[in-house]
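First, one chain by itself in structure tokens, the form predicted alone.
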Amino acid sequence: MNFRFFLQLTVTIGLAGAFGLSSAFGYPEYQMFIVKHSKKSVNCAMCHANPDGPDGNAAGQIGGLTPEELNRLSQARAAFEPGKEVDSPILNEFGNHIIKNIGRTKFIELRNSPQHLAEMLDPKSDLDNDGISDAQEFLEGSHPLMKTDGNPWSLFKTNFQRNLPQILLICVATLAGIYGLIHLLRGFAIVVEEPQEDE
């Protein structure tokens, strides 16, 4: 093992312990609220990089982080106020988006009333561009990063509106085809009904 890498790893792990990063600081209150409110089974993958949450040694979990990732984690932990760039390796894009927009301090405060998190999020934010805001997906228990996961009626309306020009073209083409077919069949009928002259 490279001595420099070993030294960096030792220092990073020491800093992680000093700042309490060895503990994942998971906030199950949010998950419990989503499950109760949406009546859906929701795992940690809504906000975390790993569906089993931040504790453990797998990819996206505290124990599996590289020194560079531990450094990113410590920077993300320091984003107490909104507006700071957040790139925590234990959070997914939605989790990082929450911390960037409301700050870690407010996020920790809201764990006692997780229903208010949706009110704090930008109502226009839609990370997966499925037509359902991130705040609404949080309340409905659908994944804010999966455009196929959401309220079926909302997804239908969004897709219908986005594809309306193509739908209209298909309808016009279908009606034109039916109109042409009707006239073709009428033409055949006239030909068949014409009396044959005696030779």
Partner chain sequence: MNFRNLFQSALDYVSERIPVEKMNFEAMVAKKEVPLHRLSWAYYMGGLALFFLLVQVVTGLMLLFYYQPTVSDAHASVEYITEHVAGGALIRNMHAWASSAMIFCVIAHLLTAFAMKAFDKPREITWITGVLLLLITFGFGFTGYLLPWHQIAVNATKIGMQSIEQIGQYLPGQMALWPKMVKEIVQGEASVGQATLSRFYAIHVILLPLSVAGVLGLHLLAIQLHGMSRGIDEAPRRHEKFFPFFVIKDLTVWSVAFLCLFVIALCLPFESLYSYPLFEPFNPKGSTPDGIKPEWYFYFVYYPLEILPFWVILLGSNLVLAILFLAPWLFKGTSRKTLRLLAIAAALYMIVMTVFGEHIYHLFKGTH
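The model shown is predicted, which means the values in this text are computed figures rather than measured ones. Positions refer to the first chain, counted from 1.
Quick note: we don't show the form predicted together with the partner chain, though the next part is all about it.
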{"item": "Partner proximity in the predicted bound form: M32 to the partner chain, non-hydrogen atom cutoff 4.5 Å", "value": "no"}
{"item": "The partner chain contact at P152 in the predicted bound form, heavy atom, 4.5 Å", "value": "yes"}
{"item": "In the predicted bound form, S133 touching the partner chain (heavy atom, 4.5 Å)", "value": "no"}
{"item": "In the predicted bound form, D52 touching the partner chain (heavy atom, 4.5 Å)", "value": "yes"}
{"item": "Heavy atom within 4.5 Å of the partner chain in the predicted bound form - qualifying residues of 167-185", "value": "I167, I170, C171, T174, I178, L181, I182, L185"}
